[in-house]
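Shown here is one chain on its own, the form predicted on its own, set out as structure tokens.
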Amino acid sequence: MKKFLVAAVAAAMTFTAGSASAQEELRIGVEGAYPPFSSVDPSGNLIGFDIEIANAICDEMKVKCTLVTQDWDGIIPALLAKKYDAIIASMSITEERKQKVDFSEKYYNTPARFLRKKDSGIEITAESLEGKSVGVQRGTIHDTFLTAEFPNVDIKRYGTQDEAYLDMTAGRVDLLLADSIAMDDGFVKTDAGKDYELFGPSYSEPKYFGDGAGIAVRKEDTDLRDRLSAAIKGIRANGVYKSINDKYFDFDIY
């Protein structure tokens, strides 16, 4: 009987669907490999825009925030397996993903672009791209877009964006396609990226890129979804969002 009571108390302290008002802890899945949104510093601490937004949302909801790192490939399956309660990992709100999970309102929205070496001479034309290798993070909206819209390129898929940057600097791919802000702040503005540049148009077609990045939850957790949306509005209204935004970007990423 004692063991049962201990288990019951422990269960009451964690999130369960439909009882967000009673929760003491919110477990949030993050990637930790997508600077400047999510990465790990030399001391092993999670840092980045997504990380600070996650903590700010937990503060707004008055819950304990526990961040759980997860590789991108398994980030939705781990949510469905209840490894955590929500995902804050720059996940775009797309129709395909909404078949598996539900989303809060967006918390930011940025377009995709290509990255090239400055002296490459590559342009976004069928002739220039013919046979070129393009790196992309596997399982992302950028992967889906590239596969559908650029059938004449050789697509190289990576588990993390950092792996794609390494192959780019090693000369193993000609171009990268990813979020423009992630590449600009996470690569181009670093020493490793000084010889590279974003070029060509910005891509944001809702068919591929959705309606901005939102917080993913399990479909049954509608109460949590609504509270997360309210928390996003709350930190937008009280200035906390702007403070975090201005730490990383010189424009409103929302």
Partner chain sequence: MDFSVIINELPLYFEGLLLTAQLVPFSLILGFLAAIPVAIMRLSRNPLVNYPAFAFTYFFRGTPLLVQLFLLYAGVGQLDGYSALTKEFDFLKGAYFFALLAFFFNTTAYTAEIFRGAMAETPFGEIEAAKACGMSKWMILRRITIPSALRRALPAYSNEVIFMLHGSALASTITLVDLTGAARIVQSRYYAPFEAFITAGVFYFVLTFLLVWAFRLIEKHFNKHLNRREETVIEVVT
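It should be emphasised that the depicted structure is a prediction, and the values quoted were computed from it without experimental measurement. Positions refer to the first chain, counted from 1.
The same protein has a further form, the form predicted together with its partner chain, not shown here; the description that follows concerns it.
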Between Thr147, Asn109, Ser180, Ser120, only one gets a heavy atom within 4.5 angstroms of its partner chain in the predicted bound form; which residue is that? Thr147
Even though the partner isn't displayed, in the predicted bound form is Ile87 close enough to its partner chain, meaning a heavy atom within 4.5 Å? no
Applying a 4.5 Å heavy atom distance criterion, does Leu166 contact its partner chain in the predicted bound form? yes
Answer yes if any heavy atom of Lys83 is within 4.5 Å of a heavy atom of its partner chain in the predicted bound form; otherwise answer no. no
Does Pro151 reach its partner chain in the predicted bound form, with heavy atoms at most 4.5 Å apart? no
Within 4.5 Å of its partner chain in the predicted bound form: residues from 73 to 107 (heavy atom criterion): Asp73, Ile76, Pro77, Glu96, Arg97, Lys100
